[in-house]
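In the block that follows, a single chain appears as structure tokens, in the form predicted on its own.
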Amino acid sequence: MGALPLDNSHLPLSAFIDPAGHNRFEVEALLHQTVALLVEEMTRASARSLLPDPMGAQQLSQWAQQWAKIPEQSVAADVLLDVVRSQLHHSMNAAHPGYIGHMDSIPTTMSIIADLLVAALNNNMLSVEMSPVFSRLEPLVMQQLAAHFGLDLADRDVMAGGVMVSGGSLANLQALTVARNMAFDALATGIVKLSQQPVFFVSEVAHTSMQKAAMVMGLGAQAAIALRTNTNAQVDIHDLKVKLSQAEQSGQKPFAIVATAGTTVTGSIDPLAEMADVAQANNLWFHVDAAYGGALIFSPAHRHLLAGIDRADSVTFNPQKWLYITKTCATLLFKNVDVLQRHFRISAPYMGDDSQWSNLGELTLQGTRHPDILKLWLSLQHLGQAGYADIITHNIALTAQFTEAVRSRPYLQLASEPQTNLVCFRLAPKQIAAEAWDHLNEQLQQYLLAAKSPVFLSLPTYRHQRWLKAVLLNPYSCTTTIEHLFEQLDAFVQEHVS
């Protein structure tokens, strides 16, 4: 009996890419249309709105309700691309040079290309068998990154390395899980029979993924003991020592200390070397969340800001931030990558074994995973270390200009001394009551968005007050961008304060 052909009467000709090439013309035409749409929209990003119109939020919700409906019959590709164009226009426009409110920016061209290519391949990072090229490339690139952080000490007989994960929250969770399993031999039997409550220490302004990690690990969010910070949002070492002693005296069992290199609101870097000293003296795991600030290792002029990170047992680093890789792209690096085999790996008998290369799905929380390594590798190759160093130097120079502009205006206030390329500040005029400052800064945010040269600053809550945050990340933001921002800020002050 012959093979039964697929009844494709309800399928568009370009539904799949025919491996025999029978629909090459239709697929090629659709991809050309799509690339043309992409290039047209992204090369005009400076002319489009920074943010969706807030007045159109209700209409956008109505559109989304309509878009979400699953049709009975195929919808023509031309119609779908028109809808997508509308969706692009109502999305956050992070490519705009005035979009400086979050740790998001324009992605590298190579990471866009890589996402397209690996989507077509549809390989699975679950196992070497299912992704033979990328399962080999990922651990090798992770070794290179670990070496950049100084985790590969030449006089040790262990190998540094790591794995890729989908976001910094997963990286922090896995790092702390490894630390917990190692401290309490908990891989097989867990922690339910422990007589002492496991705890770890982290900055009061650290990412909320720390509390989530404690919750998911079965410790409870309060097991992430918050450490007081100084005026520059850095961990107070004295408070760390006091709370460590208090935890031990109360019958708790500390197992890790977490430092942050690039906090979310102020971009601050904790005193890494001093925290490493405390961790080493107390035989505790030392993890550094360098999801954002870790990119400084690519700048010879600024990598000293990460002094002490080479003493970490594990490091979270997200290339999707300051290395401009498309989301998602995050890494978890270890001084001794073998801890994954001994304190985290769960064997999967349904996957083939390779004598030299590990099945990465056995070493991470995720099973099926996108081959994010290609976009990271391609971008590193295409820009090179020197290219990234130039971008970081540019970003830091803009930050210095921005900071000086804040300092030169008596009605503005810095939240902390900038260490990376974040500036957290606010309008704090003495002639207006302090209770009104939060609302005043909300007004200023909207004023800057509506200006002739629009700028988007985010409005985080920091120490129970609203502040404006600038992230000088976009490589196309420039001196003029900052000059226009402060001209508009001065005009706002003239209208609403003077």
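Nothing here was measured: the structure is a model prediction, and the numbers come from that model. When you see a residue number, it is the position in the sequence shown, counting from 1.
This next part talks about the form predicted in complex with a further copy of the same chain, which is not shown.
Contact with a further copy of the same chain in the predicted complex, defined as any heavy atom within 4.5 Å, is confined among 239-247, 285-293, 118-126, 268-276 to 118-126. Contact with a further copy of the same chain in the predicted complex, defined as a heavy atom within 4.5 Å, holds for exactly one of 148, 228, 409, 253, namely 148. This chain is displayed alone, yet in the predicted complex one of 400, 428, 183, 391 has a heavy atom within 4.5 Å of a further copy of the same chain; that residue is 391.
Residue 452 falls outside the set of residues with a heavy atom inside 4.5 Å of a further copy of the same chain in the predicted complex. The closest non-hydrogen atom of residue 232 lies beyond 4.5 Å of a further copy of the same chain in the predicted complex. Although the partner is absent here, residue 441 is not a contact residue: none of its heavy atoms lies within 4.5 angstroms of a further copy of the same chain in the predicted complex.
Taking the partner from elsewhere, residue 342 is found to have every heavy atom lying beyond 4.5 Å of a further copy of the same chain in the predicted complex. Not one of 49, 423 and 485 places a heavy atom within 4.5 Å of a further copy of the same chain in the predicted complex.
Residues of 277-296 that come within 4.5 Å of a further copy of the same chain in the predicted complex, judged by any heavy atom, do not exist; none qualify.
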